[in-house]
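Heads up, the chain below is alone and in the form predicted on its own; it's given as structure tokens.
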Amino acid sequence: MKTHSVVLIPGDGIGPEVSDAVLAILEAAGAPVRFETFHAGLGALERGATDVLPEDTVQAIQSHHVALKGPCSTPVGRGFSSVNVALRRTLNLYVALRPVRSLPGVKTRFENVDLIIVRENTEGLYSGIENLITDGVVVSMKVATRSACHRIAHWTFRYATHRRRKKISVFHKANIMKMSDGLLLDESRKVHARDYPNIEYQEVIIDAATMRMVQDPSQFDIILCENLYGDIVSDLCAGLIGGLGVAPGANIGDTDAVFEAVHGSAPDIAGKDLANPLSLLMSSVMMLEHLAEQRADPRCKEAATSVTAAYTKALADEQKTKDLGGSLGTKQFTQAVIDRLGA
């Protein structure tokens, strides 16, 4: 039977460890995928590349259209630019998709959280247009275009329909940024009224929205944000379910998709068998579901279902890594999941 070629970017720090864990689980689950390894971030520089996102890595993703990526390091306020931002721009991955869902055995303030955050991935303040006007004065430009606002709004409503979700909430600050955030609201209203009137739609000012989120996340379903708000809100929502270690993520465009661990590279625990592979594992499940839909291969969906059931059973059995209050190392947790495949 045909296997699907996927680019693997192991990443930095704990990236190679969690990548190895995920590959072992997918192999044990019989997932019909074959990985080809390429590098980015510090891993690429250490191998002689002159850029954190080498051209051969980009070309490999463009050839295979799907990648699984571990965490890559990005220095704060200095040094090289973000690999994630470079990937999104180069491959036009305009959707950042971050589902957050409560997990058994991971105790938090809330139960039964089930949210999806959709973030516009290419514009806003993250466009990186900054200028030194005069000594001590820096200006950053927030970019919004009608085409990108329409594109992300249409994608979100279409996704909600396919996933049978009932409500979309747009988080914004259009009371202050009337033109940029107002453009996203304008296009969201048009898409809703014209094509998806069956889906409930609301607009919530971002500061009030975050307050309401921590009071009662069940009042939201799918959340649509521009770039900066989406970055912040998606991490806030991860905190509702136990942190970034149990939150998956994907960056999706019209042609290519990169599924990634959403946490950092954690170099302080690299090589110590302490890393939690769940974020990347859950992202690999999203990758399998994407392959099942894009390539009409039910085997991918079957593998995704099997892996989800296995890690859910492991958590319910209190088989957890130390960051979740358990005692298992990376390899022990990996084996715990493998032992529950098909159980």
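The structure presented is a predicted model; accordingly, all values stated were derived computationally and were not measured. Residue indices: 1-based, along the sequence shown.
From this point on, the text means the form predicted in complex with a small molecule, which you will not see here.
Taking the small molecule in the predicted bound form as the reference, which of Val262, Leu240, Met213, Ile252 has a non-hydrogen atom within 4.5 Å? Looking at Val262, Leu240, Met213, Ile252 one by one, just Val262 meets the 4.5 Å heavy-atom criterion.
Which residue, Ala86, Ala266, Ala209, Leu103, is the contact with the small molecule in the predicted bound form, using a 4.5 Å heavy atom cutoff? For this set of options, the contacting one is Ala266.
In the predicted bound form, does Asn276 have a heavy atom within 4.5 Å of the small molecule? So Asn276 counts as contacting the small molecule.
Applying a 4.5 Å heavy atom distance criterion, does Leu244 contact the small molecule in the predicted bound form? Heavy-atom contact with the small molecule at 4.5 Å: present for Leu244.
With a cut-off of 4.5 Å between heavy atoms, is Ser73 one of the residues that contacts the small molecule in the predicted bound form? Contact with the small molecule, yes.
Using a 4.5 Å heavy atom cut-off, which stretch among 267 to 275, 128 to 136, 219 to 227, 174 to 182 contacts the small molecule in the predicted bound form? The contacting stretch is 267 to 275.
Does every residue of Ile14, Lys69 and Asp323 put a non-hydrogen atom within 4.5 angstroms of the small molecule in the predicted bound form? The answer is yes; Ile14, Lys69 and Asp323 each reach the small molecule.
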